[in-house]
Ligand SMILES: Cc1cc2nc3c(=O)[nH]c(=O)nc-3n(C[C@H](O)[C@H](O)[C@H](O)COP(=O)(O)OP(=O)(O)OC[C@H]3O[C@@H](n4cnc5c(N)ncnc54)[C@H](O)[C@@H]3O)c2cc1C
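To begin, one chain is listed below as structure tokens, in the form predicted alone.
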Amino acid sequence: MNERAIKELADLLGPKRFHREEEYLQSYGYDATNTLYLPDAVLLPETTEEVSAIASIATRHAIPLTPRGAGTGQSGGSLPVNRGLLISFTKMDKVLEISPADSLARVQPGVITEEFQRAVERENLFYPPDPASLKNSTLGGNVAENAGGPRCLKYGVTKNYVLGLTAVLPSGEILRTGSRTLKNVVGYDLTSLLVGSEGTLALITEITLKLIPLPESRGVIRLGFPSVKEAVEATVQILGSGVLPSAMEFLDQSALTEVSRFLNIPVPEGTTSLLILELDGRKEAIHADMETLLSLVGPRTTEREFSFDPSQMESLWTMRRQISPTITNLGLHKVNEDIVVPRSRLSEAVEWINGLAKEHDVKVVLFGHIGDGNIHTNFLLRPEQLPLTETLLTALFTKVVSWGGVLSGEHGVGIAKRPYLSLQLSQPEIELMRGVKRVWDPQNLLNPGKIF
């Protein structure tokens, strides 16, 4: 940061949207990993043109740029590890268009995910991606990380709904990718390249999203099982029955024990694993599917509850939604990973992870999206156990990859998984990705230090 650059940025944004005060640097220097990296300045643009001007100034003065949504990321993707400029998109928070005729919406990146979902539902439309942080996370952040969530089992993740983007290159050039149409096979798919690129290739300033019809009704069913193995077997049975839930979540014994204690909710005797399923569609079809599921796996359950009433459905979801606050309340250091394994390996994976934790005398809590094999693995460490972190993660990731799984299903690489990238990706793959990065960002100014 030199004085000329400071003056240019201050003149562009004014004192209310260009900040170098310590409180701003502190507030915008962390994310959900609770790791702090202070930027040199915080910028709050309101238009694509302002973002373009910022990028031009940064490139001329060789200043790193870090884009940030709401800071809910779990991998350090929005941390300014090389200092420089942090661009917060919180003021670019407008829903620009909702088109029922074209089944799409145009939004700025700072729109909160849940608020957008409510807006389109008022038009009887539906935007399915539902990351756990949807009450706070922004659509721009969701696009940067290709966010998922429970409903991705049936509906897919963020990339399945992005039709087009407006993005700013590090040079300041404004790029528009994709279209307003569902079909588009003209040239390379730059839109898909940008989705999930973690802000390392361009600054996204507008998003065109596909919408689908709002399901008529919903139903939730909660099933208890005497073991994880039986819960996994039930999952395979359900998914092979022709019934596709919109969401299918599970809690292992540790998660169930802690959250039941935290919420003061008794667990039926013999229940050591829990499945929570949500179905949506026409009322008659949901009732029929619910009966199919109960007849299929009901006999092996230790408990079963279901409801079509909105308030009761939220109550059935409570145990799943309260796991993170429960774990935080334990006062231990949480190492939160989001591995994915083939469904055929789920039971083996849970058993192996518990064995790894037992070997190192570490507490572990497992929960997640069992329908797609996404296991949220939470090692809970006492202060003296922190040096074990690398040992645990190296062992975990190596085993997951050997099963044909992946390091991350939702959180991205960022800085948290950067040291382990080569466990999954070959050197030629990594070099190709580095080559793409050099084409888009030759000076390595945009979100440097992430992924590679």
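One-based numbering along the sequence shown. Predicted model, so just to flag it, every value in this text is computed and none were measured.
This next part talks about the form predicted together with the named molecule, which is not shown.
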The named molecule contact in the model of the complex: P39, any heavy atom under 4.5 Å: no
A231: touches the named molecule in the model of the complex, heavy atom cutoff 4.5 angstroms: no
Distance check, G71 to the named molecule in the model of the complex, heavy atom within 4.5 Å: yes
Distance check, G149 to the named molecule in the model of the complex, heavy atom within 4.5 Å: yes
Partner-proximal stretch of 39 to 47, 420 to 428, 389 to 397, 63 to 71 relative to the named molecule in the model of the complex, 4.5 angstroms, heavy atom: 63 to 71
Position in contact with the named molecule when the complex is considered in the model of the complex, options G219, P245, G368, G140, heavy atoms within 4.5 Å: G140
Residues in 15 to 50 with any heavy atom within 4.5 Å of the named molecule in the model of the complex: A32
